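One chain comes next, on its own, written out as structure tokens in the form predicted on its own.
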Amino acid sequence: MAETFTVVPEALHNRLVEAAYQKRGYTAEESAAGARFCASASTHGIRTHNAIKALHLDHLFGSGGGGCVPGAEIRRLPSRFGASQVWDANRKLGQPVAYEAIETCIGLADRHGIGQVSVDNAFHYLWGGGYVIEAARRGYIAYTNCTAALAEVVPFGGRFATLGTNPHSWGFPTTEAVGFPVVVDWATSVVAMGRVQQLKRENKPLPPNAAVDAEGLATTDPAKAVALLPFGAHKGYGLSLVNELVAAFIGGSLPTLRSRWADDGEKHTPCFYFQVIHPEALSGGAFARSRNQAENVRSVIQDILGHGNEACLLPGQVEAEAARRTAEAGGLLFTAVEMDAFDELARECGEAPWDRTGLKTKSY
């Protein structure tokens, strides 16, 4: 069944989102980075991490909850490793920190073949795929993970939520091979909490075995979901644990205390990790049939999707199709429920709501 969207020009969207961030005390630069990120999420169809989610998260745990400090400055710590940097974000808004980290990694990869940045005392950067997809479009292999703002996931075989949704995001420069970057991006829970919130807004059920209620029982009602389950049982649990261990080595907080502010001598902030690899740094040069690296990548993908697998999707293909639709529509696509949320946002920051009569609609 087709769904109807209102088409909002990106510049119009960004003006409102920037105004909302500035109303909360963020600098013009931070607000612009926040709006840029939200537009990117909407462009790629990531409705669980658009401006509505970003500003709601800021209200709960950021400038509204003491977890984020508008105008904070990143402190770069000494490192004896040329390809590595360690930052103390001082609870700066996550999106500008993440954009700067991925750019720094790209610069390091250009010099050393590989670059990494770890970030302590961070505020959540939302959709990790948004950062690696940009690096992949520019020809780099990129990876990021972060610890979630809250412990919302029950470990495999457990009863109490002690893990975050803890996403992993990889981006590969495969545009020449398949027309878009392959982007593997997922939370380590069956669904992200943003998805729960989206389905709650839209009065739709959760998939089975994705969440539990207050009694620890599985539920498909997003209004009753209080904790999530890892995907793939022990496999998702293990991947979620990776994020917590990386953060622990950086200096991260105890998961169950994250975003629960108290003067107890503990940290209460997430951590980020970014890595970028220059493809030339991986090349052994001995590709079969005299193929170059890009041709070899194309051949590998063609082999995987051959043999009767031609209908299979590649990770990142859905996002690429969403971006194509966005470009075709000439603006960002929002449902009626999302448009109502933007009206509330406009009222919050003293802006006029968008005039829907002047905006076109598209159905998909």
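The term rigid core refers to the maximal set of C-alpha atoms that superpose within 1.5 Å between the two forms. Start at 1 and count along the sequence shown; that's the residue number. Because the structure is predicted, anything quoted here is derived from the model rather than measured.
There is also a form predicted together with another copy of the chain; it is not shown, and the following applies to it.
Using a 4.5 Å heavy atom cut-off, which residue among Leu206, Val212, Ala72, Val246 comes into contact with another copy of the chain in the predicted bound form? Contact residue from the list: Val246.
Only one of Leu228, Ala109, Val132, Ala148 gets a heavy atom within 4.5 Å of another copy of the chain in the predicted bound form. Which one? None of the others qualify; the residue that does is Ala109.
Within 4.5 Å of another copy of the chain in the predicted bound form, all of Val7, Thr43 and Cys68 (non-hydrogen atom): Verified in the predicted bound form; spot residues all out of contact, no.
Options 334-342, 45-53, 319-327, 292-300; stretch whose heavy atom lies within 4.5 Å of another copy of the chain in the predicted bound form: After filtering at 4.5 Å, what remains is 292-300.
So in the predicted bound form, is another copy of the chain close enough to Gly252 to count as touching (4.5 Å, heavy atoms)? Yes, Gly252 sits close enough to another copy of the chain in the predicted bound form that at least one of its heavy atoms falls within 4.5 Å.
Another copy of the chain contact in the predicted bound form: Ala28, any heavy atom under 4.5 Å: Residue-level check for Ala28: no, no contact with another copy of the chain.
Contact flag, Gln95 vs another copy of the chain in the predicted bound form, heavy atom cut 4.5 Å: No, no contact at 4.5 Å.
My question is simply whether Glu280 lines the interface with another copy of the chain in the predicted bound form - judged by any non-hydrogen atom within 4.5 Å. Yes.
What residues in 1-30 sit within 4.5 Å of another copy of the chain in the predicted bound form, counting heavy atoms only? Going through 1-30 in order - heavy atoms within 4.5 Å of another copy of the chain in the predicted bound form - there are no hits.
Please check if Gly71 moves between this form and the one not shown, taking a CA shift of 2 Å or more relative to the superposed core as movement. Gly71: C-alpha displaced by less than 2 Å between this form and the one not shown.
Would Leu228 count as moving between this form and the one not shown, using a Cα shift of 2 angstroms or more after superposing the core as the test? Yes, its C-alpha moves 2 Å or more.
Would you say Ala210 moves its Cα by 2 Å or more between this form and the one not shown, aligning on the core? Yes: Ala210 shifts by at least 2 Å between this form and the one not shown.
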